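First, one chain by itself in structure tokens, the form predicted alone.
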């Protein structure tokens, strides 16, 4: 089987529809063109509005005008709209997509291959985030924000208990055991976040569950990194050293507020959310954040959320769209004001409210460092969101002690293979 044929089988219709003239060789437009951008940014009170950011671009680029539209529905509803618009020939040139949505949209032929244009810009972003905007070796846009896992902890409580801030998973387990002896929890096992939260931890440990090779997808969760993560949580659950609570449930928040829970592994985007959960409590000014304790041989973390801006199939001006894409996603401070941990390289200014909650810490400098250590090897498969239900169900059982933690990863593998086969994509056996 030739390479081209294999690629067609592996990735579906998109492999047949690349080569769209995005080499950057197009002549400069003689007249002004318009690039439409569909996004889900919050655009809330006190934020630098998307319209204001884009107005700056439009002033400096009279030949390439950009119009932005905020989509207020759910993510799945936006995907449905984009697919319909592609088929109707009326889709926006640029659209914000969650990283796990990118492979599915690619496989369904909804995205442009802009690899040749992107090579001029990818160096401006976290390599791990760029990898999440690349499928089958083809770049389909640029990353916007990220969710590298980090470790949040109550520094005042750690000091009071004589706990050392952990730098490795073994040190984190030791701190958790010591905290439990004092009636505290230094981590929480979060069943409702199992899919991205636990897969991100395995990525930090060096796992790469999904690979595309020899014309097929391979799915393998039997690696040493995944086993390390399973063993870590199994030990803490068995010893009852960890809080077991859904991240978005009342028990988790209450444990934070009453200082029963004094540490948690969370995504970078949780920094303001944790501050909000504990606003007005004794926790204000006590918490801090560090990079995720190492689960593998090197300082590395894994992805938990985030999004990029993809070039949609049928975009008439992909080169100009990518030029704007790069410019917009490197507007660091305005995007930070939107609540994002940006994927672009460079210093992020920690908002005053967040700095105050975290005891004056320059929180975003830690998050930027986490961006740099985001694994470039962990990618998602088409249909990855579909495996969530089985992973959460297995995580619920593991948290209750009625099944081993390893069942969560077995469920991930089984469900991932089913998702690929359901999509008609070849899977290596």
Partner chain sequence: MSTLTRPVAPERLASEQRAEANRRRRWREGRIGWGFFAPFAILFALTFVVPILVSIRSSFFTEKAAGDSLYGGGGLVETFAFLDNYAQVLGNAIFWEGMGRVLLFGAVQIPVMLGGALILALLLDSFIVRRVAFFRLAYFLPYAIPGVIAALVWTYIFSPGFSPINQALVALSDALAALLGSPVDLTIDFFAPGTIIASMATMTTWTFMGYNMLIFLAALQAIPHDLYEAARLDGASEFAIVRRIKVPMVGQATLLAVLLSIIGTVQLFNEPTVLAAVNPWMGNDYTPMMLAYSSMMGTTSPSGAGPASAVSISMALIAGILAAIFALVQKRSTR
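Residue numbers count along the first chain shown, from 1. Keep in mind it's a predicted model, so treat the numbers as computed, not measured.
Same protein, other form: the form predicted in complex with the partner chain, not shown, and the subject of what follows.
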Sort through 250, 159, 352, 238 and report the residue having a heavy atom within 4.5 Å of the partner chain in the predicted complex.
250
Which residue, 233, 196, 121, 217, is the contact with the partner chain in the predicted complex, using a 4.5 Å heavy atom cutoff?
217
Can you check 388-396, 370-378, 45-53, 60-68 and let me know which stretch has heavy atoms within 4.5 Å of the partner chain in the predicted complex?
388-396
Is it the case in the predicted complex that 168, 345 and 362 each bring at least one heavy atom within 4.5 Å of the partner chain?
no
Contact with the partner chain in the predicted complex for residue 281, defined as at least one heavy atom pair within 4.5 Å: yes or no?
no
Would residue 317 show up as a contact with the partner chain in the predicted complex if we use heavy atoms at 4.5 Å?
no
Is residue 153 close to the partner chain in the predicted complex, meaning a heavy atom pair under 4.5 Å apart or at it?
no
Quick check on residue 407: any heavy atom within 4.5 Å of the partner chain in the predicted complex?
no
Members of 98-135 lying within 4.5 angstroms of the partner chain, judged by heavy atom, in the predicted complex:
103, 106, 107, 108, 109, 135
